[in-house]
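Provided below as structure tokens are two forms of one protein chain, presented individually as structure 1 and structure 2.
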Structure 1
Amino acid sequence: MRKILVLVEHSGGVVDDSAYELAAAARNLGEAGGDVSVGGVVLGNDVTDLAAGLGAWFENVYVFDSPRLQVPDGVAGAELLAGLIEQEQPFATLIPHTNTGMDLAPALAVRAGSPLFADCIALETTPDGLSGVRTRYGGKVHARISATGDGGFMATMRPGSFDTGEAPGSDGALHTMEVPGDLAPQRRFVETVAPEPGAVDISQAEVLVAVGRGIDEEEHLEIIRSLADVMGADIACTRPVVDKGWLSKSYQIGTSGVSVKPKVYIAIGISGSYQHIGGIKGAPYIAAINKDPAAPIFGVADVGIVGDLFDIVPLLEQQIREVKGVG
């Protein structure tokens, strides 16, 4: 049976969705016709109860629970995970490509002597090893990277790139792991910088109204915000909008931005380049508004409206308000 380990991130007592995404991705790495055992690894302080709730997703849950792990520390985490990897000999270890993951993974790869696939948006086994896909040149190119061997691979995976699917419903076993008494932080915690007020995580949004270069001017964003408000949606954008400084990078969807998996996606003034479409995961209902009938976005949209967004968006908002009975 092939073993896969997944690092489970959490904050404020809540498991991050990346844990479920990587658990699903890990099950696709089983041997052809063979079984795969996926283990979740939880690091932190007072996290045993949190770890115990992961049994439906993982066959085994390994928890390192200690006050010395109160603050994420890549060096300390790498030391603990290296020991677990040596013990379990997994085929691969999957880590979210987040601030914590990017800090921990390189140190862990060196300690474990593992080849590291960084910032992958896809991962699959090959007859002689493992292959991953990552973006290059600002998302303009998808590069395939590979390594050969029987196992011991490591990868950081971009959150939002994989569907969680359904929990397999396993009755995972909880393993309390020893934290060495001489484990001491080598860094001094300074502070946690909270997101700016009003900032949202578009990777978790169920309804998105996204805008592209067709909006022309920054002040025109107000009609997009107004439509999003009446829909109860979050706004997002393409790279040109970010490059002009009209919205921050956290709102950019695409292979060089954020990967999203909404249920409904409204694309306004967006041409639909492959870099942008590459950031839309799952199978959302896509509605597109563009004055160019040949825009690539219409090739992936469930419904398309050809016309001037400045005429259509206010009419769409008006119709939604009437249906919802709001002024």
Structure 2
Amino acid sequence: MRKILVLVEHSGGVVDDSAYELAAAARNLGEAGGDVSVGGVVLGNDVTDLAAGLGAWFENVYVFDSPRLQVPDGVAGAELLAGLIEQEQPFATLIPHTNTGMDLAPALAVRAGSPLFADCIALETTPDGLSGVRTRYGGKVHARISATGDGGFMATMRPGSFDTGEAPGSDGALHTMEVPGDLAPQRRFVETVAPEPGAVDISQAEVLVAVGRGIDEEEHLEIIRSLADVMGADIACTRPVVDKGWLSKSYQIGTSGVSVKPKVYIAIGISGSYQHIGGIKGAPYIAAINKDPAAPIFGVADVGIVGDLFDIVPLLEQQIREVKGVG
């Protein structure tokens, strides 16, 4: 029976959804008609209870529980996982393509000598190995990638790309793993910093007018503010707008920003990277305005206008004023 290992990410004592997504994806990696045995791996401090709760999802749960693992450290994590991989000889090891996963997986691939598929949105077995799909060029192109061999593959998997399904209800065995005495993380923890709360809380907004790099100049934000005002909406943005210092981080939607769950979301001059879209929860009505008909945002939007935002936005504001009967 094929073994697959899944690295379980957790934060603040809560298991990340990616763990269930990867557990489900792992079940599809058996040989044709063959069974798989999926093992979950938990690294951290005081995580044995959390690990014990995962038995319904995994046939085996391996827990490395030590105060030295309080702070995730890709280098130390890679060392522990490399040892487990050597012991278990899995066909593949799946790691979420999160900040923590990105920190660990490449180091692990070097240690374990594994081919590493990065940021997969699909993964399947082939008669002679493994094949996956990932995006390139900012999501404008998809690539099918493959590697051959009997096992030892590694893949980071994009959160949200794999359905969780039901827990298979297995009665997983908990294995308490030894953290070697000489494992010494090389990072010294100083502090954890939470994002500063902003003046507005876009996570609660019902209607969001979001702006991206297409706005080009800080002064041009005025047309976005003006549109949002007349709609009674809040404004939000992508990361490049924050990087330039035009809006504060509390306006940034995305995997490294704020998660929002509006009813209506308008993307203006935004390409639609998955790190941005990943911050939009629920199923809002999405409208996109972009001059590039091939922008990935049109793949997730409900409605779109292909055009120059500097033409469209003022016209949109004007027509909304007319509809609402405001000057």
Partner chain sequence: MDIIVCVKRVPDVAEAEVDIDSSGRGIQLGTLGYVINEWDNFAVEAAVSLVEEHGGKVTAITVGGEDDEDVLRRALAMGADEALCLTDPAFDGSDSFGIANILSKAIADIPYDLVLTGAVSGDVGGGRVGPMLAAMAGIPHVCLATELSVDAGTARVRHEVEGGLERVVELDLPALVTVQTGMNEPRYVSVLGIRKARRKPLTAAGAAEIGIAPDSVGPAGTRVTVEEMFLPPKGEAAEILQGDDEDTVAALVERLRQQGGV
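Structure 1's sequence is the ruler for residue numbers, which start at 1. Here the rigid core means the biggest group of C-alpha atoms that line up within 1.5 Å when the two forms are laid on top of each other. In this text the structure is predicted, and so the values were computed from the model without any measurement.
The form predicted on its own corresponds to structure 1; structure 2 is the other form.
Comparing the forms between structure 1 and structure 2, the C-alpha position of Pro284 differs by 2 angstroms or more, with the core used for superposition. Core-superposed comparison between structure 1 and structure 2: the Cα of Val300 travels 2 Å or more.
Relative to the superposed core, Pro314 undergoes a C-alpha shift of no less than 2 Å between structure 1 and structure 2. Core fit done between structure 1 and structure 2; CA of Tyr265 shifted by 10.4 Å.
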